[in-house]
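Before any questions on binding or motion, here is one chain by itself as structure tokens, the form predicted on its own.
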Amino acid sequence: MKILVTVKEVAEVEDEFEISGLDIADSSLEYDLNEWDDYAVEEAVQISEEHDDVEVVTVTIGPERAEETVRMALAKGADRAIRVWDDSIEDAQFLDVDTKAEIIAAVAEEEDPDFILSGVQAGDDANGATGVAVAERLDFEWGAVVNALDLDVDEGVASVHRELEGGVEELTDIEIPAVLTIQTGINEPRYASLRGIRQAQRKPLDVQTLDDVGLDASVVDSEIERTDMYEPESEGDATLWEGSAEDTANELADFLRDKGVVEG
């Protein structure tokens, strides 16, 4: 069995940040493995530990900088990694869901996985659509927002719990090959051990271009255009009173009277 796990390096913005053109300045960003993808990696590694002959392969779309994130997934137990990047992707202003899905689906067609696990969403753009879009392109069955998974390898069926609106949960069987988007809380992602980090440096990390995966530069063309970047204005202010309840009660009462909340 082969499990392909999509992983993404996501940008985390510092509390105080600067905007440069149509993006946040690099000096204000730090990068890390997407939280939801961390759970997807853990789920794949646990399956590989519970069953024989399971290979876990990670795939990411990202620059050379993203290899640090990919190596973290390898340190946690993935067997090898694929990173897709070239000048066409570098020059693209914005990678929309269609583009990401096309690239990942192209890699999947080469790898021929039984499962594709993806985080429900990415912490930076929060589209929450790439996993399902990949399934549509591959004509795979899919399950979104999976928070529990019981795999029957012999029958080729995954019994999954899905988190629906209003706290409702659904239990359904999905035939493999399939794409599952993994919700946080499905497991407890492990920390990468020092031994795992050392081993990750020796695991294969294959860098591929669009041409390598059978696509051309037109795949990065998008109808979505970023037109502006700005810091939103605060819609509300918080007022804090410091001191004991006895000291601040009168100040709070005056405040509420001024706002018309209370009379007197």
Partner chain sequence: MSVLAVTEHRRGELRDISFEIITAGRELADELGEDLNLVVIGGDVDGFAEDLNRDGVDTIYTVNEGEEFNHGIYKQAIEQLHAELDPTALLTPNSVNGLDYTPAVAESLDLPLVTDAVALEGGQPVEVTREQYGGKVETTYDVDADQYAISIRSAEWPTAEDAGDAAIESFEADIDHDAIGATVNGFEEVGGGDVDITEADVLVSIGRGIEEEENLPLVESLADTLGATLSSSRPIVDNGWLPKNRQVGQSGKVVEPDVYIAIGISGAVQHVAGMKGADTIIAINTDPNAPIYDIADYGIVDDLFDVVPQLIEEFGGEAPDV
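Residue numbers count along the first chain shown, from 1. Treat the numbers as computed from the prediction; the structure is a model and nothing was measured. Definition used throughout: the rigid core is the maximal C-alpha set that superposes within 1.5 Å between two forms.
Just so you know, the form predicted in complex with the partner chain exists too; it's not on screen, but the next bit is about it.
At the 4.5 Å threshold, heavy atoms of Leu164 reach the partner chain in the predicted bound form. When the partner chain is considered in the predicted bound form, Gly143 lines it closely, a heavy atom lying within 4.5 Å. Not displayed here, the partner chain is approached by Arg137 to within 4.5 Å at the level of heavy atoms in the predicted bound form. The closest heavy atom approach of Pro204 to the partner chain in the predicted bound form falls outside 4.5 Å. Contact with the partner chain in the predicted bound form, defined as a heavy atom within 4.5 Å, holds for exactly one of Glu64, Glu231, Asp216, Glu49, namely Glu231. Contact with the partner chain in the predicted bound form, defined as a heavy atom within 4.5 Å, holds for exactly one of Asp212, Glu68, Glu35, Glu55, namely Glu35.
The stretch among 40 to 48, 216 to 224, 196 to 204, 56 to 64 whose residues place heavy atoms within 4.5 Å of the partner chain in the predicted bound form is 216 to 224. If you take 43 to 71 and check each residue for a heavy atom within 4.5 Å of the partner chain in the predicted bound form, you get nothing at all. With the core held fixed, the Cα of Trp241 is displaced between this form and the one not shown by 2 Å or more.
In this overlay on the rigid core, Asp254 has a C-alpha that sits 2 Å or more away from its partner position between this form and the one not shown.
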